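The chain below stands alone and is given as structure tokens, in the form predicted on its own.
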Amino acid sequence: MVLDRVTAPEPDAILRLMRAFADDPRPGKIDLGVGVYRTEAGETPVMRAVKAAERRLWEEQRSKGYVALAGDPAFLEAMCVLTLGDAVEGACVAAAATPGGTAAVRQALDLVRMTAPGATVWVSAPTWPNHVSILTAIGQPFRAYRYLDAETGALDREGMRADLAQAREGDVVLLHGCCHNPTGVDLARDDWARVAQDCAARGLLPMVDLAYQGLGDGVEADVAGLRSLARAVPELLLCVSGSKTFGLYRDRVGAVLAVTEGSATRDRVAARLAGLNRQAYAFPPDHGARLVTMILADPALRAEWEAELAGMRARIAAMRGALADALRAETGSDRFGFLADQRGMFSLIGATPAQMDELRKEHAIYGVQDGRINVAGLTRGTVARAARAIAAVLA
């Protein structure tokens, strides 16, 4: 018997939290765990530009046939322009569409494993759990570098630089493009410049996970650091997600881009990325990618998308400020003032697993065990109660 020997993995923490929240009968429960954007009404909406593009696609599309192993070239070009702008020549960028940002990360790390199996991948402490999960699954060596200063809720610059000083030529430095998950702490312009200088001088390969472009400071502002890095280094891996930026969570839109030194290297890397797609899922899904391409190519749709994205960004920032103010009032201190300075949907509130359990059991507030909360899950009507509970539990 073969299948009889299969053992079940540990239940996914987020999925377990989702089930517990759904089963909770309390009317005032608050979901700050699941990593999706929500409106003031608690909904994850279909963006207006997406709806308009879908209507047009329904009318115009004549085939559901395969596109290409690497995905639609127009989509890949649109992703390149959206993220890298004119920082690098398009002829030097190899690209492949993927089913979401997670698959982009997997394909990029598989490319590293095939090319440099002994390279160490340096990940921030903390980082998105799937980074470590994928690295463990493929057997790629990895180490953590200090990132969050837990006392201040800001970047641990000195710790980060000291740890990355141990990286060797050929190692990979994994960075978050903006709206760092789970901390909400982003690199400043000077930090990007320092990382770029170190990578270029010491032969390190930067890999950037860009999942939240437009939800931090703006569509262009959120990639300013990435673009400065791309200009300074000879090679770079970029993993892009359309889930949050376009609200296409279930349509699984992503891409992996590889900046190379020239067209010859670019052609080899492009062929390898297409081959990795072939082995994993053959042709990547096209529906969501086609919508993204249509939105970015049409000035009216793009303006509609950027306007709605700006509204989402403003709501997240407002909830951050409101929570920081409410906690200041509850605690009589600025202990949680960092929440207003961070970016994106996520922050760590410094709670232990036991305290997160208490928030859930006693106050019907759901967050991840490591203390991560999704501030986009708050509303004007729930922020005060959430602050009272957090202050009471973390006092």
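Just so we're clear, the structure is a prediction, and the values are computed from it rather than from any experiment. Position 1 is the first residue in the sequence shown; the rest follow in order.
Beyond what is shown, the protein has a form predicted in complex with a small molecule; the following relates to that form.
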Tell me, which of H176, K244, R313, R290 has a heavy atom within 4.5 angstroms of the small molecule in the predicted bound form? K244
Considering the small molecule in the predicted bound form, which of Y37, Y366, F338, F346 comes within 4.5 Å of it through any heavy atom? F346
How about Y145: is it within 4.5 Å of the small molecule in the predicted bound form, going by heavy atoms? no
Closest heavy atom of F75 to the small molecule in the predicted bound form, within 4.5 Å or not? no
Looking in the predicted bound form, any heavy atom of A20 within 4.5 Å of the small molecule? no
I'd like to check something about T83: if you look in the predicted bound form, is any of its heavy atoms closer than or equal to 4.5 Å to a heavy atom of the small molecule? no
Please pick out the stretch from 61-69, 351-359, 27-35, 326-334 that is in contact with the small molecule in the predicted bound form, where contact means heavy atoms within 4.5 Å. 27-35
